[in-house]
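First, one chain by itself in structure tokens, the form predicted on its own.
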Amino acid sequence: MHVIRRRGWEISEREATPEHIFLNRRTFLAGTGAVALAMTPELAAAQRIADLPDPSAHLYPAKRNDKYVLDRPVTDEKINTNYNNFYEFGSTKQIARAAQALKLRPWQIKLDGMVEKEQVIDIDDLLKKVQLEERLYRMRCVEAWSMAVPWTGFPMAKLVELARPLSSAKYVRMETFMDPSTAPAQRQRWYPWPYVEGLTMAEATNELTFMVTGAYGKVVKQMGAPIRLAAPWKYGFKSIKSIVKFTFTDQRPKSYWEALQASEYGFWANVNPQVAHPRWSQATEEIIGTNERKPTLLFNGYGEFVADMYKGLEKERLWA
């Protein structure tokens, strides 16, 4: 059995500062004092950005799609919004405060490559062209922990439809924002920035593949606003955050983690309890916030939706 040993910089979920303290300016000022805030100009700037009105706020909460059900309770919001991977802002899980520096407007998304006509679309114009819904999805991290999240968003198939790709396009390459002045970890040149991910066209148009715009009935920056990917049958590192470009291509993209450590993190990254990570077992997972371990399910339990896409690919390395 794989036992997660927390590193020195990790804290337990119960010690994480509640979301309302991170995201509520008045509470933050009351708890730390205006003088302390004035002494940290980067944090002060992040808070000013966080205070700006969200033009999409009226779209939340969205109606839940009851087709997608869970085998466990939704993970507590305070845990999910304070235990996040967002490597642009640091390698720890506690990046919620730092991520508030991300400016969500203006935010433009480029659709290019093998398409009928390249285009740039503003996030708010995109939101007018789709119908948001809420879906309850499991999320399985390659680190062998899991969550259950109420995502808000729309099927990626709708975005593919808007892009009008050519029939010869086989993959979608996704790229996140690049702004080292906002995201300090992007100043670390030994990482292959910007973050890149890819899907096959079949994966991109699968009914499960979801373009996420919010969680818990609102926009949450540290979870990848204003638009990220959720592909719940894949390990979580495939779920690229804060996307600015979708490129349709006939060449398989090399993802961020594949470029960084191909021996451990492959292109497909489908959840499989029978295939261990080189450094730990994937047979079980820890449900964050409960200290409970459960057997890991093939395709994270979503095989009925996705297994057919991988028939005939037995020679591919389908697992991370």
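Please read all numbers here as calculations on a predicted model, not as lab measurements. All residue numbers are counted from 1 along the displayed sequence.
Keep in mind the form predicted together with a small molecule is missing from the figure; the text below concerns it.
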| field | Lys110, Gly113 and Gln119 each touching the small molecule in the predicted bound form (heavy atom, 4.5 Å) | value | no
| said: By the heavy atom within 4.5 Å rule, which residue out of Thr152, Thr209, Thr75, Thr176 makes contact with the small molecule in the predicted bound form? | reply: Thr176
| request: Would you kindly say which of Leu136, Leu104, Leu132, Met139 lies with a heavy atom within 4.5 Å of the small molecule in the predicted bound form? | output: Met139
| said: I'd like to check something about Gln222: if you look in the predicted bound form, is any of its heavy atoms closer than or equal to 4.5 Å to a heavy atom of the small molecule? | reply: yes
| query | Does Asn84 reach the small molecule in the predicted bound form if we count a contact as any heavy atom within 4.5 Å? | reply | yes
| message | Taking any heavy atom pair closer than or equal to 4.5 Å as contact, tell me whether Phe237 reaches the small molecule in the predicted bound form. | response | yes
| query | Applying a 4.5 Å heavy atom distance criterion, does Thr213 contact the small molecule in the predicted bound form? | reply | no
| request: With the small molecule left out here, work out from 228 to 236, 123 to 131, 166 to 174, 199 to 207 which stretch has heavy atoms within 4.5 Å of it in the predicted bound form. | output: 228 to 236
